[in-house]
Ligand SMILES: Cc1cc2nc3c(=O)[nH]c(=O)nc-3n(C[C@H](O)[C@H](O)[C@H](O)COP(=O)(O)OP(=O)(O)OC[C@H]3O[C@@H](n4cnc5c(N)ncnc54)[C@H](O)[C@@H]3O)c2cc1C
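Below sits a lone chain in structure tokens, taken as the form predicted on its own.
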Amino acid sequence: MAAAVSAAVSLPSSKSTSRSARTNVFSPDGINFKVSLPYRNVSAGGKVFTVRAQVTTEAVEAPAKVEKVSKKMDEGVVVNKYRPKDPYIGRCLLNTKITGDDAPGETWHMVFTTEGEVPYREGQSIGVIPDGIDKNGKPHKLRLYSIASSALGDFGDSKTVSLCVKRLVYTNDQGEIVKGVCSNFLCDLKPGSDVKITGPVGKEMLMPKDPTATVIMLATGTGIAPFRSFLWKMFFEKYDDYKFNGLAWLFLGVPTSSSLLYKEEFEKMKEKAPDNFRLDFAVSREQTNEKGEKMYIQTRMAQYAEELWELLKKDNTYVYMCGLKGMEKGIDDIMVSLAAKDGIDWMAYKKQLKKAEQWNVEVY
């Protein structure tokens, strides 16, 4: 709030008449105040007068702050309905390995019951608390996983939630085999087993509201999870109030072709909506570019660099990135030179995109 300040000075004359001088100044503090200054003797026209100055303020209403309207589907989104001290107990309905036997590592797709009690949106995550206790005798802490199903769920009844989980197994510096606590708990779950669920959480990866938007999705490995949820809503489901008519462009990076996740689903979507869905795989151990370089996700994107840059200059293009943290730098390297051709500083431009909710990142 701003305040208009009025200062009135009265100069009494020998005839007991007065002249009043009023000056308006501006106070940025927006605080109402009244200050009475002590009497002072001043001289005017050879005579001495006693002056008392008084300062008062009149409040002036500042323009109402305009609340930012999100470009994402954030209306009514539920966050943290279930917390670690009081998790939702779901039941495993399905747990199946979705990578080939010769793939470097196992990835599993699993479906849990929610009975509609965990009302998540596409792009959100849930927490899972594995059974058992840690080395200090305390319950295990939750791990967060991106949800791999649309809000309707794999069975279309809004009563399930799905995850895409890679089993973590590695050898430490002492030569010991270490198994990730939560990933192994989940990958070993049998149908009928209970699972403690928290959340849902997150608003960073929510889908854009605009059904005509260009949505560019960049994923490595299990980072595909939120994009499977997007794409099911876009191409496998029907809604009275939503029909996707824009362009969805998915880039998925994996080490081997036997590691490609949900490949058949995505190819069906491509057949169903060839004008609205583009699909590009980057298989690093099997594919190379024209220079003989391994085909990582940024290498594949570089083949479409000019086209991608033109899309990124549009107000209705949204980029979503999920997966290994290293992918972001590789993508920045491509964009820096492209932006420079147009006299644009890419890093500064990317900040603008983030502020406009058009550059969304969830990496680990």
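From 1 onward, residues are counted along the sequence shown. Every value quoted in this text rests on a predicted model; they were computed, and no experiment measured them.
Below, we turn to the form predicted together with the named molecule, even though it does not appear here.
- Checked against the named molecule in the model of the complex, the residues 109, 71, 233, 166 give one hit for a heavy atom within 4.5 Å, which is 166.
- Just one of 214, 125, 160, 95 comes within 4.5 Å of the named molecule in the model of the complex, counting any heavy atom, and that one is 125.
- Residue 222 belongs to the set of residues with a heavy atom inside 4.5 Å of the named molecule in the model of the complex.
- Of the heavy atoms in residue 239, none are within 4.5 Å of the named molecule in the model of the complex.
- Among heavy atoms of residue 180, some come within 4.5 Å of the named molecule in the model of the complex.
- Residue 150 falls outside the set of residues with a heavy atom inside 4.5 Å of the named molecule in the model of the complex.
- Proximity to the named molecule in the model of the complex, taken as heavy atoms within 4.5 Å, picks out 222-230 from the listed stretches 222-230, 267-275, 79-87, 189-197.
- Heavy atoms of every residue among 143, 146 and 362 are located within 4.5 Å of the named molecule in the model of the complex.
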